[in-house]
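The structure tokens that follow cover one protein chain in two forms, given apart as structure 1 and structure 2.
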Structure 1
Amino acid sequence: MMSTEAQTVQSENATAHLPTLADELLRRTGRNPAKCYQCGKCSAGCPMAAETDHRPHDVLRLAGLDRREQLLASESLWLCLGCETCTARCPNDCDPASVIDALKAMAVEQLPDALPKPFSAFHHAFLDQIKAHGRISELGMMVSYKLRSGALFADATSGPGMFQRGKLHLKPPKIEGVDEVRAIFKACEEDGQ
């Protein structure tokens, strides 16, 4: 889908060989980072603002400045909790949470080796579970996460307390439509988003 806004951004950059980061974000999210007027309302409510280098309004600004490498390699993207506070409060419909998600997806595609390990290990472990069983086995996910991240002794929702309370199953769930779910992964990967 290409809005008139998207066409404008593209034609302004017609001389450039590569689309700008703003172009790409607009294509992926339908939002133009240039619309952000840096009011900072998003960051004022962001629970991770105290911990990240790039708060949501910084992300929007850097996107507008086409700082592709700086953004895609930043741990800040992965520190986003996806709580959507920024998106709910932006007076300008810039949807920082979706912009950050799109940047994460771009980092996965374009800079896979630079992903911070605990986060890439977690997301891969999570998605591998869905591909394998159609549902998440929390126990299976923890094992897979620990192996991928190397954090073998990290606290990770496991422990005897969970078993005692009947909260962890040894047998992974399996659904009948697991092939259907795998086909969805394949179709989405091939769609080239």
Structure 2
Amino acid sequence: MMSTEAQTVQSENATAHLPTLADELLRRTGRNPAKCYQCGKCSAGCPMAAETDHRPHDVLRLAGLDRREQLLASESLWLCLGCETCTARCPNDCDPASVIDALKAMAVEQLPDALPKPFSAFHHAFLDQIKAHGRISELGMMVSYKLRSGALFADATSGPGMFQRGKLHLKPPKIEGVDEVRAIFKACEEDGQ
């Protein structure tokens, strides 16, 4: 039988070779979160900073500290609008928006059951629309989100008004290069992202 000390050493040796969260983010995004010097310019420009527990510079700091579980379970990731203001304001080219996107993908892969259902439903509905059409079809996304989330009748009274104002179209939009968008999705799926 192995002693407790030996088990501890064996456990430390086993985890010593695991990549850190920063290593994994570097592999996925080409950005090293450890380069962030916490100036906070990203968070100062973030339109969702007041709504989140972890602002963009906090996310980079926690990534540098290898707080994987804390970050992947954070609702703050899912409140990110993807506007990329944080990336545009970063003086050190850390690209917080790409890091947050990579963390979202990791959360879906590694903690699928821990993801709140509305966030998971929105994430998948959004990506499915981009993959299918190259951009968002509001009606398609709304239907996909409602079917996935189970919130079929929530805000259903908004639909007629949105149709009247031309905000919902029956036919999804078409873009040139949708095959290229699908190729990007395929490459990411093959790469495990």
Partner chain sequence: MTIGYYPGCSLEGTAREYDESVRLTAGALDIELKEVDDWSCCGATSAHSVNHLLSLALPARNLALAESAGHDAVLAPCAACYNRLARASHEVATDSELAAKMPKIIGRPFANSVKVRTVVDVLREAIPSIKAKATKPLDGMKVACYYGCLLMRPPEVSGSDDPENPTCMEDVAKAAGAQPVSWNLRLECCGGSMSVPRTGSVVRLGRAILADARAAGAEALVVACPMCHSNLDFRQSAMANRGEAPMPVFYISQLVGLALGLPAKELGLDRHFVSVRSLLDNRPAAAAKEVA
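All figures in this text were calculated on a predicted structure; none of them were measured in a lab. The term rigid core refers to the maximal set of C-alpha atoms that superpose within 1.5 Å between the two forms. Numbering runs along the sequence of structure 1, starting at 1.
> Of structures 1 and 2, which is the form predicted in complex with its partner chain?
Replying inline: Comparing the pair, one sees that structure 1 is the form predicted in complex with its partner chain and the remaining one is not.
> Any chance the CA of E138 moves 2 angstroms or more between the two structures, core superposed?
Replying inline: The answer is yes, as the C-alpha of E138 shifts between the two structures by 2 Å or more after core alignment.
>> When the rigid core is overlaid, by how much has the CA of I184 moved between the two structures, in Å to one decimal?
In response: With the cores aligned, its C-alpha sits 7.3 Å away.
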